[in-house]
Structure formats: structure tokens, C-alpha cells
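For reference, the chain that follows is the form predicted on its own, supplied as C-alpha cells.
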């Protein structure tokens, strides 16, 4: 019988897997808050403690796909000189915009940000997770795409206005966030045993940015990051929140191998659009299904999702977005078991 990592490799390669692989956490904070600890607390403890909690919870619920690097974006921006606010339940938040002008961009030091004590802790925690894994599950390092990073540095509302009023400034900012995103992933991929990269780009949602701006300001910088990381020969997965049906056809040109879609996206339509160019993941609703329904209902709803998207391979089961602390472990196990027991 194949291990989780081999099953996921099959899906990315469009080979028929032994069974449908499944992941539970996109953002990765869930294991911490179900164990009653916060990232802020863990940062004062040995990295091995965070790795042990993170891996144990994912293993307990039966996840095949695990992301490492929870909180990386906020800690990286703090390393650049930004202000962040820790949350007792979830990843840290950016407290205030760091960039207002081109001069501000030029003053940012990426190598120095990567060498801060908190970022070093984060990398060591990822390395400890690799040790616990013994090449069994598929470990992906999580980080942000250039467009979303630009919104976090500048403020999303200001970025949205600047797309119309200050295009040159946006171009400069995106040049920097390409370097920031790629440098972070390269720095983390120095850890031997990571199988892929998981790129979150929530600000590229259809709820936030038009198809036109998606094509001109999201796709090119994302493609530049993928080109810079290509020689690592790692698997690549992107998640974009909201309904992205009208822009799915643009994603394969970036070189990304799998796209994770929100519960707002029709899986049948998504599979037709991607047409074997890019694998698909998703998309059980994390609130109205995983949080609100009974375990039996979760199992049934998940089976329906699989009936639509899992036939012929090229599909990994994930929640439609990150899950909250309110999702019971019983429901998560029903979600996971639905994938492991599904038959075509």
C-alpha cells in the first residue's frame, strides 16, 4: 500500500491514485488552537514543541497533506519592520501598513527579515516536522503570493485604489513582493524533506479584484515566483478564496500544478475549465458543512463532492477554506473518512 506522499504524487501527475488524498488545514492554525496553545506562546518554547503538536493533530485526524510555516507572513513582515498583532485563535495579523512610498520599499531588507529570531524559530519548527514525518505524509511549506503580500504591506484598500491611480507604484511594490515571496520559499526549501509549496493568494479573489487586474497584476508576478522556484522541482498548490471560476483558465500558465478552490466554486465547472492542465483540490464548505452539520451529514456532503470531482484522478479533497476552532474533530474525521472510503 502506498504512503500518503506517494498518493498525492500520483494526483499531481494525473495518475490514478489508490484512493483520494485528503488535507484538513489550509492555513495551519487549527492544530494549535485545538490543543489550547497559541503561536505567541509557542514562540517562547522549543520549535520541536510546535512541530510535535502540529504533526500529532494532523496524524490523529488522518490528513495526507500537511502545511508548515503557520504565521510566516506576519512574522516576515514584522522582520521587515512592520507591526503585527497576535491572536489567541489563528495566525497573527498585520496591525498597520508598512509601505506608503517607493522610498519605503527601497528601505526593506529581505535577508535581514529572514534572519530574525522568530523566523529562525519558524524554520526550525518546519525542520522538526520533517523529522517526525519520516517521508510518510506530503509536507508543503505555506506562504503568500506577491499580490496578497502587496496588499498586506500597503493595505488592501489602498492597493485597490492604486491599481487605477498609481500603476507605477504598484509595479514597484509587486517587483519587491516577487522577491519577498520567492526568497521566503527558497529559504524554507533549504530544508530537505519538504515536498512542495502551498501559495495562498486570498486577495486575488473574484470578490476583491477584477479579471482584468487578475490577468495583469496577479498572474505575471505569480509566474515570476514560480519560474524562480522551478529548479527545486517541488510540487506546487495555490488557494484563492471566493468564486474564481471566471479566472481559473489563467492559472495553468503560471506553472502551478494544482489549484484549491473555495466552496463558492462549482467543482464540475472547475474541472472542465482546467481540463487536465492543472490538478484540482477543494472544496467542502468549512462553515455550513464542516462546522454546522452532524458527522453523518458531513460524510454524505463530502461524498457528493467526491462524486463530482474525484473521478479519473487529478483531485485532492480539502476544505473550501481554512477551518475554525468550532469544527469538531468528529466532523473532521467524517470528512477524512469520506475520502478514504470513497469508491468510483
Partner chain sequence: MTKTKHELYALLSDAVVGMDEDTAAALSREAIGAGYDAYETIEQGLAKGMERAGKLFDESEYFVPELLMCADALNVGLDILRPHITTEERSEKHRIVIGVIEGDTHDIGKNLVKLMLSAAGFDVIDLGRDVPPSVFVERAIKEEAKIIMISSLMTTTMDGMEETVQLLHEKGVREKFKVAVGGGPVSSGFAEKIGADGYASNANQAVKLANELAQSK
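Since the structure is predicted, the reported quantities are computational estimates derived from the model, not experimental observations. Residue numbers count along the first chain shown, from 1.
Keep in mind that the form predicted in complex with its partner chain is missing from the display, and what follows is about it.
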{"property": "Stretch in contact in the predicted complex with its partner chain, which is absent here, among 273-281, 315-323, 45-53, 297-305 (heavy atoms within 4.5 Å)", "result": "315-323"}
{"property": "Contact assignment for its partner chain in the predicted complex, among 172, 118, 179, 213, heavy atom within 4.5 Å", "result": "213"}
{"property": "Contact assignment for its partner chain in the predicted complex, among 93, 266, 186, 102, heavy atom within 4.5 Å", "result": "93"}
{"property": "Touches its partner chain in the predicted complex: residue 160 (any heavy atom, 4.5 Å)", "result": "yes"}
{"property": "Residue 286: touches its partner chain in the predicted complex, heavy atom cutoff 4.5 angstroms", "result": "yes"}
{"property": "Residue 165: touches its partner chain in the predicted complex, heavy atom cutoff 4.5 angstroms", "result": "yes"}
{"property": "Distance check, residue 206 to its partner chain in the predicted complex, heavy atom within 4.5 Å", "result": "yes"}
{"property": "Sequence-ordered residues of 181-202 touching its partner chain in the predicted complex, heavy atom within 4.5 Å", "result": "none"}
